[in-house]
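Only one chain is given next, in structure tokens, and it is the form predicted on its own.
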């Protein structure tokens, strides 16, 4: 079926060419990082996780959000999701792939990954994170491809695909729970040392990932004449609104706990992100942009009269994705390192090398998603 991705319009090939250029730039930047070490990045002793882990954290949520279409379609027989479920599964594949590439980039040298695989430690959350991400990627790729192949032949899917699909549902929750535990298991980082981090991660995942899925359906409708259906988008918009509400509720509980208890160690990271700390305030405008944009977007999604209008729905979904990307994909990771255990404040700024590698990895994920969706749409429309 993959040969269907080798046919396309001039616009399609221009998009592929752009992604290949970005991938080439990313590989060049990664080669420089491999040669000179992680010293070419903005990371250091005090902030050892940067833009790579920030993107990883956001994309794990995008991967997990596929459950929002898999669960209602396969468990509750919601026919409205028949066209969109394959989009969700392939989005999960590309997001999980990018997650592992960002981990690879953050480790500096690829051979270090072998330490995780050859010397597994049940006490290492990184080991469990790598395992569940690999498993989730292959579960979605194998099950999605098998169901698509059966549809192309006009036959029912093989019996073994349904148990695999059912397995992907709890697995989706596990990948982001393990990621949250990776953060919450570090006792010296007070911003992450909270029992609500895992549910907050899941809520933000289902909000941003579902909103991103809605945006992809609009893109496919415009560039490929493939319409997943207004009913599916409407139901996903409601799910995204509720998940976004839960996400901001959890954020509010963090503020209450930190500032009502008045424990300095719990307040300082939030102060640094939202109000500035000792003259350091690089993220303040971004974090308030995240909060305001997110709340307005959730409000629009909550209003039936607004979310039924395509322009409002696109704007709200875009705002919600941007809001959670800033909060979870930038602020949460960097803010957790400030102040350091030695009470020092160190600002972080990614270098051109980091940004080039990041764009390259995003381009790889988008290229994989493009090829998979091109194949899926060709089968769905029987081209």
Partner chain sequence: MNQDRRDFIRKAGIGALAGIGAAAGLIPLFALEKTDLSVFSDKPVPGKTRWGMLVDTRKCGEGCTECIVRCHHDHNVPDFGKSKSEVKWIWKSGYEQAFPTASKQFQSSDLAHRKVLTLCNHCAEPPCTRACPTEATFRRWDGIVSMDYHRCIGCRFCMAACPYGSRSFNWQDPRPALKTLSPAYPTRERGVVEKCNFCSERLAKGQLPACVESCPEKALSFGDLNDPKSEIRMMLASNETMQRKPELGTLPSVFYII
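Just so it is clear, the structure is predicted and the values come from calculations on it, not from any experiment. Numbering follows the first chain given and starts at 1.
As for the form predicted together with its partner chain, it is not shown, yet the points below apply to it.
Q: May I ask you to state whether residue 49 is within 4.5 Å of its partner chain in the model of the complex, using heavy atom distances?
A: Answer yes; at least one heavy atom of residue 49 falls within 4.5 Å of its partner chain in the model of the complex.
Q: Answer yes if any heavy atom of residue 139 is within 4.5 Å of a heavy atom of its partner chain in the model of the complex; otherwise answer no.
A: No, no contact at 4.5 Å.
Q: May I ask you to state whether residue 221 is within 4.5 Å of its partner chain in the model of the complex, using heavy atom distances?
A: No, residue 221 stays farther than 4.5 Å from its partner chain in the model of the complex.
Q: So, in the model of the complex, is residue 120 in contact with its partner chain at a 4.5 angstroms heavy atom limit?
A: Flag for residue 120 set to yes.
Q: Is every one of 107, 112 and 116 in contact with its partner chain in the model of the complex, taking contact as a heavy atom within 4.5 Å?
A: Yes.
Q: Which residue, 182, 80, 284, 132, is the contact with its partner chain in the model of the complex, using a 4.5 Å heavy atom cutoff?
A: Checked against the cut-off, the match is 182.
Q: State the residue from 169, 291, 239, 126 whose non-hydrogen atoms include one within 4.5 Å of its partner chain in the model of the complex.
A: Of the listed residues, the single hit is 126.
Q: Can you pick the stretch from 240 to 248, 184 to 192, 300 to 308, 206 to 214 whose heavy atoms fall within 4.5 Å of its partner chain in the model of the complex?
A: Careful reading of the contacts points to 184 to 192.
Q: Along 319 to 355, which positions have a non-hydrogen atom within 4.5 Å of its partner chain in the model of the complex?
A: Heavy-atom contacts to its partner chain in the model of the complex: 337, 341, 342, 343, 344.
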